[in-house]
Structures are given as structure tokens and as C-alpha cells.
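The chain below stands alone and is given in C-alpha cells; this is the form predicted on its own.
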């Protein structure tokens, strides 16, 4: 699939079929994640693959009742080892670069999953402490993004976008 087709075609999916994801496909998707750029090549990401229904229910609770997390066959919880980036970049690495890096990995995961015929949704609205407890994250590792993944049960229409010309500035604002 062409990268531009994936970028334009991907949608947030909140309904999943009960089909499993092959280990080979999941590995391809995660390989796309680790291929993302990162500040100083620190690669702060850690991926927790959740298939267990009890843990998914804890993630639903952490995510303010977003029940579609439990419906997906797999939830990838993308975490940042903040100390990995902070050791090189100090506070800016801890508070910004590791977040940017995990976001880049998440975008790659979304696009790779879509290219393989899966649906995903970026879930960022959750209680970080509750999510960390659910996945038993060690100190210094922050869960930042949850991505439910599976075969889509729906095909949402594109959401409106602000015209590009309204967001472009030449040289200065």
C-alpha cells in the first residue's frame, strides 16, 4: 500500500471483529513502531502487548470507560522510559523528547496496521497511574498511548480537516 493511501485512508476504529491478529502481523506492526525517529536515537519506547481480558478491563477503567479497548483482540500500550532520554537530554528529554518519540512510533504503528488491513484508535485520554498499575510498569516508565488493534467492524467516513492554506505561514506568522 502506498504511504499516502495509508495516511489518507486510516481512521480511528472503535468497533472490532473478534478475529485474532497473527504474531507475524503484530511483529511487522511493532517493527514499524521501532523504525520511528527518536531524539539522539535514544528509542525510549516500550511496547506492552495486552491480550488478557482482565488486564484490558483494567485499561478500560483507566481510560474512563472506553469499552472498545476490551473489544479489540490486542491493545498495545506504548510507554516511554523517560530516564533513557533524560540521561542524554536532561529535563527536555524527560518532558518532551520521549513524548515526541513515542508519538512517532505510534503513528508508524497506526499506518502499518492499516496497511495490513487492521483498524486502530489512538487513546490518550486515560489515568496514567491506573494504566501503569494495570500493566505493572516499573518506575520511570510512563504509559502514554494505548492502541487497540483488530479487524475493523466499521468504516468511518473521513473527518473534516481545516484547509491547508489556513495553517501555512511563510517565513513568519
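Given the structure is predicted, the values throughout are model-derived calculations rather than measurements. Positions refer to the first chain, counted from 1.
What comes next is about the form predicted in complex with a small molecule, which is not displayed.
- Using a 4.5 Å cut-off to the small molecule in the model of the complex, not one of 56, 114 and 151 places a heavy atom inside that distance.
- In short, of 48 to 56, 62 to 70, 132 to 140, 35 to 43 it is 62 to 70 that has heavy atoms within 4.5 Å of the small molecule in the model of the complex.
- Using a 4.5 angstroms threshold between heavy atoms, residue 26 stays clear of the small molecule in the model of the complex.
- Among residues of the shown chain, residue 20 is not one whose heavy atoms approach the small molecule to within 4.5 Å in the model of the complex.
- When contacts are judged by a 4.5 Å heavy atom cut-off, residue 155 does not count as touching the small molecule in the model of the complex.
- Using a 4.5 angstroms threshold between heavy atoms, residue 147 stays clear of the small molecule in the model of the complex.
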